[in-house]
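In structure tokens, one chain follows: the form predicted on its own.
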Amino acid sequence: MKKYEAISAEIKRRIMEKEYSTDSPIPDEISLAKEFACSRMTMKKALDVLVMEGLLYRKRGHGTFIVKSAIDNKLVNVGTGESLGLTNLLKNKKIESKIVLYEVMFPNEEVASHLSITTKTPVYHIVRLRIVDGEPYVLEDTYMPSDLISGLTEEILHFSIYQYIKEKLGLTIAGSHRKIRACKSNELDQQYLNCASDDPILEVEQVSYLNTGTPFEYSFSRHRYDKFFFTAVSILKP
């Protein structure tokens, strides 16, 4: 992890745990740079990350402030630029995974196209229920090429797949392309997410890439509407 990323993660922790007041600006860049023993440029880059995630905003002449709506502890704030996985988003929560389906199969044309492989390339097909502090949050339906993400076992699926990819396989996750849509709940949502038949579902269709540009994941994540919100931040150039 680069220094600015580590600093950004620590400031994010402080924000989410309410160590900074939301009624006044956070410490200025010079003070923070001194505290973290880094250059002002590094500190600016760390804060820029949190601005892009929708956690901070800058008010010219007044300082950098916390976006109050982004620290509602009842909801998970997912920035549209984030591809860290649920475990990284909720580091202070107890996260469990219930395996609904785990198989190796040949993909159909749609899945193969999104993963830039042929229909003769085996893929893992995984359906997992992600449980946070005892409550169902997300139902994930995921496809990954088995030759690229090798050695994926049921034991690993109970924890963080992204962590396995980074730490055990030594691969670098670069980012993802997402489509976010509102859907009606289906039978699986009602069974595993405890949704009512008239509850909406926030579905995220995602293709994730390694730093080589190779797609390694095609997934559909079905989020409970009362547990998540997604933020998108537009920065206008003067």
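Given the structure is predicted, the values throughout are model-derived calculations rather than measurements. Definition used throughout: the rigid core is the maximal C-alpha set that superposes within 1.5 Å between two forms. Residue indices: 1-based, along the sequence shown.
Keep in mind the form predicted in complex with the DNA is missing from the figure; the text below concerns it.
Peer 1: Can you check whether G175 is within 4.5 Å of the DNA in the predicted bound form, heavy atom basis?
Peer 2: So G175 does not count as contacting the DNA.
Peer 1: Report whether the minimum heavy atom distance between S39 and the DNA in the predicted bound form is within 4.5 Å.
Peer 2: Flag for S39 set to yes.
Peer 1: So in the predicted bound form, does any heavy atom of T64 sit within 4.5 Å of the DNA?
Peer 2: Yes, T64 lies within 4.5 Å of the DNA in the predicted bound form.
Peer 1: Give a yes/no on whether D28 approaches the DNA to within 4.5 Å in the predicted bound form, heavy atoms considered.
Peer 2: Yes, D28 sits close enough to the DNA in the predicted bound form that at least one of its heavy atoms falls within 4.5 Å.
Peer 1: From the list K184, K44, K68, K179, which entry has a heavy atom within 4.5 Å of the DNA in the predicted bound form?
Peer 2: Result of the distance check: K44.
Peer 1: Using a 4.5 Å cut-off on any heavy atom, which residues of 1-15 would contact the DNA in the predicted bound form?
Peer 2: Contacting residues: K2, K3, Y4.
Peer 1: Is it true that T42 shifts between the shown form and the other one by 2 Å or more at the Cα, once the core is aligned?
Peer 2: Yes, shifts by 2 Å or more.
Peer 1: Against the rigid core, is the Cα displacement of K184 between the shown form and the other one at least 2 Å?
Peer 2: Result for K184: no, shift under 2 Å.
Peer 1: Please say whether, between the shown form and the other one, the C-alpha of L193 moves by 2 Å or more once the core is aligned.
Peer 2: Comparing the forms between the shown form and the other one, which are aligned on their rigid core, L193 does not shift its C-alpha by 2 Å or more.
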